[in-house]
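Only one chain comes next, encoded as structure tokens, the form predicted on its own.
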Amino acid sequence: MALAKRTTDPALAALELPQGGAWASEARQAARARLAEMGLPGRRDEYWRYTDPTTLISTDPTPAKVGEADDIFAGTNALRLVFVDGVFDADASDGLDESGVEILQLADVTAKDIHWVKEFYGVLEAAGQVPVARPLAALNTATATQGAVIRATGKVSRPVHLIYLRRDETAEAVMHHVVRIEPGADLTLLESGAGAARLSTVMEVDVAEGAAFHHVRLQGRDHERRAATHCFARVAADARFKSFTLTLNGAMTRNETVLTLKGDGGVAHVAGAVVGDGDDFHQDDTVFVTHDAVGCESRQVFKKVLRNGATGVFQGKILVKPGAQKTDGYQISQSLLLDDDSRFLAKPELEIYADDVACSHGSTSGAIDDTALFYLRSRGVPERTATMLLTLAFLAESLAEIDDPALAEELRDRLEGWLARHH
């Protein structure tokens, strides 16, 4: 759905919402009310200082040339759900019958008056609006009609793969996914593809007691794409949430992740690897992790390689609430600048209200290590190859956050191919 006439608060308040069942209409109206109160983002907002939201909220999407479809994860035995220009394509998708998982389309469940998804749709997004407003997520909740509704009831034997294709140079896609991992269940979710000239996605993930959710996403192959993505996750006792994103291309990409550890012994990891080339490349990772239980672990690991004027942004926060003792929170954001024109802007934060914790954060920015480069060159390694090897070594810590060795190797191969073409 286009953003036409949404740039003023009166227009936001008058936003027409999609039709649906009683619970869906109520959730959309609540989201519209949140959005009208917040307004759309601007550069004066604290968490938009480093990223200009203009192209994400303008009246019409900036046209983007349709590139080659990405076949990443093609060798993975995954259950494929295909969206074309933001609309589910049943003919291109696999059958949705799979042991241990229930998969439905958002358009179908929002038409019902009663459905389990009402306990989550817009609920985690609304909770994630405090203490930092995330208006683009509220806009998505209010207007989305497309998306996947996934409920894992056991250990799902193969990944579910959300594939975003596009055919229209001016397409705008608004998708909202809801994922529920029942107690003791285990699911891997993959995402790939351009999606649209302008893409908005929200994923709400509820990971119940003792469950595990693994998320691997590739953003690539589309140099002119503009995207705003949000992931809101709630992690229960002894549950695990792990998410990794590889960003290779795109004119403007803003990935927001909001995680809340609500049960004792929960684990939440979010990581990203970014390689950007050109002064029209801008990529922003904004992460907020809240520890609200005892003995939980969180990790934020972000590595960005930038060249030819590219810009990378990292804004990450760890909030430890009173009573969240035995917290283990780790955050690292690093950039490798391959020239003097590129920029890395970082804002790491800790806010701690418990006294028995181990929390750390660090952020660095630098160039290729001359000593390491000399060592490789002195042993006959060509400079181009040596630079690529050192770049891959720099990104290795973030790739190590992927539990599945085969998926990690596939993304490493993709990185190596990208670097070989751009060095």
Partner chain sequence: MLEIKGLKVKLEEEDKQILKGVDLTVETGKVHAIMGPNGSGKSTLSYVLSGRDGYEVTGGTATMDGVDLLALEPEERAAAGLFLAFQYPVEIPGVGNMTFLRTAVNAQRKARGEAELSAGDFLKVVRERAKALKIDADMLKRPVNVGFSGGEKKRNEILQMAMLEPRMCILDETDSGLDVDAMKLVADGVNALRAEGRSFLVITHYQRLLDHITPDVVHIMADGRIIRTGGPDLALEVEKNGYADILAETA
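Positions refer to the first chain, counted from 1. Owing to the predicted nature of the structure, the values given are computational and were not obtained by experimental measurement.
What comes next is about the form predicted together with the partner chain, which is not displayed.
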* Structure fact -> in the model of the complex, the residue from Gly42, Pro63, Pro382, Gly362 with a non-hydrogen atom within 4.5 Å of the partner chain is Pro382
* Among Ala36, Leu376, Ile57, Ile368, which has at least one heavy atom within 4.5 Å of the partner chain in the model of the complex? -> Leu376
* Heavy atoms within 4.5 Å of the partner chain in the model of the complex: which of the stretches 351 to 359, 48 to 56, 386 to 394, 26 to 34 has them? -> 386 to 394
